[in-house]
Structures are given as structure tokens and as C-alpha cells.
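Here's a solo chain for you in C-alpha cells, the form predicted alone.
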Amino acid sequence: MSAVSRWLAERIPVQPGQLRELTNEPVPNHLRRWWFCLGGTPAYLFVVQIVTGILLAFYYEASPEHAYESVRYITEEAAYGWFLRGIHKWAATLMIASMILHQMRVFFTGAYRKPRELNWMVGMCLLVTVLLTGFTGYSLVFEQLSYWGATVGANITDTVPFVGAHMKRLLLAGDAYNEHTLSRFFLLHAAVLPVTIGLLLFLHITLIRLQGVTEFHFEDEGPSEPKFFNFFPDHFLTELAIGLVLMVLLSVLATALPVTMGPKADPLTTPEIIKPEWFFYVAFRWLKLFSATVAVLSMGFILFVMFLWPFIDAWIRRRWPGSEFSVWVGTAGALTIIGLTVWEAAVAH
């Protein structure tokens, strides 16, 4: 072993002490609470998505003639295909849910405030990109609901003033759903959007390392309790435990609630009920409450405000120091999202 160590030391001149110093960054004590560690959960699930997505791509064919049959083969005939497809589907669901919860935690704790405004905006870009990845992935199955969901989504995009028509053509590879649309969706889902997520995640983590995380102190912390603990092995073991729990949870969900196949897409038959995935229930219900243009513009405005909220919040706090206006806005927003989601889930169509 000493000979191997010397051989490696000559070619990789990194001393063990230097490696420990690099990885053993002090972590604020509040991160011992698991709900403050939600940021690592989407990153872990993103890796799961990449691995299972590559395995599923070996069998998937992105064409209207073969897409449905290739997914059926994965689900019913390929060895463990049903399990891998279930893991992929449930990991996507948990990834989006954990990102929303993480974004809410950052909002309600004010962790987006100076000097972390840019990282909040990167996080918002990550959330939007992940939602787009979920939309394109849902559309690849070429079922009735996925086909018509993609058609409805493209028509909604068309209502955006000035750029809507161009965005629709970019998404569908034409003016309407055609033989090139699935390959366009597959390229976005399997290449463009994952690479974008990876780059944004790298930027997000880099900013965290440069700025550090926002430190919180709680009443139950004694004066003698240390304010920091080591990343390795303490925090690393926490993240490892979360990862193992997620792996067990994904396996249980994929086995107990396996992904099934719906009817094959039929462009000539519109289904009586068209519903998107749960994470678009809010937008779908909002579109039903207003005209298409008003709904799209108002959603765009809300998203724009959320991107710039750190600066809006800073302006409010300069004029009214100690104001908790952000908490009230966040509470109203969270209740609205929950209410619209439950409403859309409860109605038949």
C-alpha cells in the first residue's frame, strides 16, 4: 500500500491534510435540522434522473410511429423496465416537490436577501427549467393525454404577445404537432434542459460556496452549543442518510404505484378530460378562470415579480424597517397555490 500511495502522491500531489481542509468547510449549526437541508435533495434526485433517463433512452424511439410502442416495451417486456420507468417518474415528482419546498423555505426565512439576490434568481431559473423538463418528459410517452397536453401547452404559448408564435414553432418544430415534434421534445428533454440544469446547479453551488449559507440561531440553542460543525463527516452523513431514505422511498413508490400506459395518442379524437401533471394544476386552473391572454400575461407578471423579489423586498424594508410584508405575501401565495391545486385536482375536468 505504501508503494501505491507513493505512486499516487507523485502523480496527484494533494496531501491528505489539504484534502480535509478543502472538504471540511464549517457548516452552520442550523443545518443539523433536516428541513434546512432540502437543497441537496433535488440535486440527488437529478442524478437519479440522469442515470435512469440514460437507461430508458436505450429503448425509446422519438417518432410518432414508434414512441408509444417503445414505452410499452419498456413498461411490459424489458427486464426491470417498469421499475426504472417508475423510479424515473417518481424521482421527477419528488424533485419538483422538493425544489418548491426548498424555494419556499428560502423565501420565508429571508435567505434571499443581500448579498444572495443573484442566487435566488439562479434558483428561480432552476425551478422554471425543471418544470419545462417535466413538461417535455410527460409529452414523450405519446399517450392521448400527453399528446393533447403538449398541444394545449403549445397553444397557450401562442397567446404570449410578440414572441408567442415563434416560441410555439420552436417547441413543436412547426406550426402544429407533426412528425418532427417528438424528436424536438426528446432533444430538449434529454440534452438541452439537463445540460442547462447542470450549469445552473454548478453556478448555484459555486455562489453558495463563495457566499456561504445564511446563518440562523434558535431559542433552544444553548450559549455553549457550537455555532458550526464539520462538513465531513457530520453533514456528509446527514446527506447520505437523506439519500438512502429517498432511494427506499423511490423503490417503494415505483413498486407499489407503478407507472401504467394510457391510450395511444389519436390526433383525431379529443379526450373528454385533459389534465396536465400535478405541478401544472395551478396554471391550468388559472387559465380556466381568465381569458388566455390575461391568464398568460398575469402569470408572466407574477413570475417576473418573483425573480425580482429580493430587490422589491429590500426597497420595502428600507422604507419600513422590520416590515414582515414578505411573510404575508408568501403566505397568501402559498395558500393560493395550494387552493388552486386542490381545486383542479378535485374537479372532473
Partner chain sequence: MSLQFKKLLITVLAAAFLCSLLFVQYEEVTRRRAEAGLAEAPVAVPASSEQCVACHSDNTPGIVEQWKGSTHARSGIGCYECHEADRKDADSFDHYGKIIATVVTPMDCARCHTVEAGEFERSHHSKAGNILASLDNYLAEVVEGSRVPFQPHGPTPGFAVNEVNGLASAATGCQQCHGSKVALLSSDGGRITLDDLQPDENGQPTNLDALAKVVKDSQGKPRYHPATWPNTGIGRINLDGSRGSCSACHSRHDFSPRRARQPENCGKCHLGPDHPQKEIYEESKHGIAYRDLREHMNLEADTWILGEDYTQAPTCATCHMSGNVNNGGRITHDPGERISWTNRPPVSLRMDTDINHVVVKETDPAKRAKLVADTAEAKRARMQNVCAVCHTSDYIGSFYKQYDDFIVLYNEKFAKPGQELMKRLKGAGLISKPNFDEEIEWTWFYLWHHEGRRARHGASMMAPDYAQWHGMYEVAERFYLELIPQAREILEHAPEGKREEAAEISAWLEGLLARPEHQWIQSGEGAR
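Numbering follows the first chain given and starts at 1. As the structure is a computational prediction, the values presented were derived from the model and not from experiment.
As for the form predicted together with its partner chain, it is not shown, yet the points below apply to it.
Please identify the residue among Trp82, Trp148, Tyr138, Tyr177 with any heavy atom within 4.5 Å of its partner chain in the predicted complex. Only one listed residue qualifies here, and that residue is Trp82.
So which of Val163, Leu237, Ala191, Leu210 gets a non-hydrogen atom within 4.5 Å of its partner chain in the predicted complex?
By the 4.5 Å criterion, the partner-contacting residue is Leu237.
Give a yes or no for Pro233: in the predicted complex, does one of its heavy atoms lie within 4.5 Å of a heavy atom belonging to its partner chain? The answer is yes: Pro233 has a heavy atom within 4.5 Å of its partner chain.
* **4.5 Å heavy atom contact, Thr93 and its partner chain in the predicted complex** => Thr93: no, not in contact with its partner chain in the predicted complex.
### Message
Considering non-hydrogen atoms and a 4.5 Å limit, does its partner chain approach Val245 in the predicted complex?
### Response
Yes.
Check your understanding: How about Ile156: is it within 4.5 Å of its partner chain in the predicted complex, going by heavy atoms?
Key -> Result no; Ile156 lies far from its partner chain in the predicted complex.
#### Entry: Partner-proximal stretch of 74-82, 119-127, 101-109, 262-270 relative to its partner chain in the predicted complex, 4.5 angstroms, heavy atom
Result of the contact check: 74-82.
| field | its partner chain in the predicted complex - contacting residues of 55-72, heavy atom within 4.5 Å | value | Sequence-ordered list is empty.
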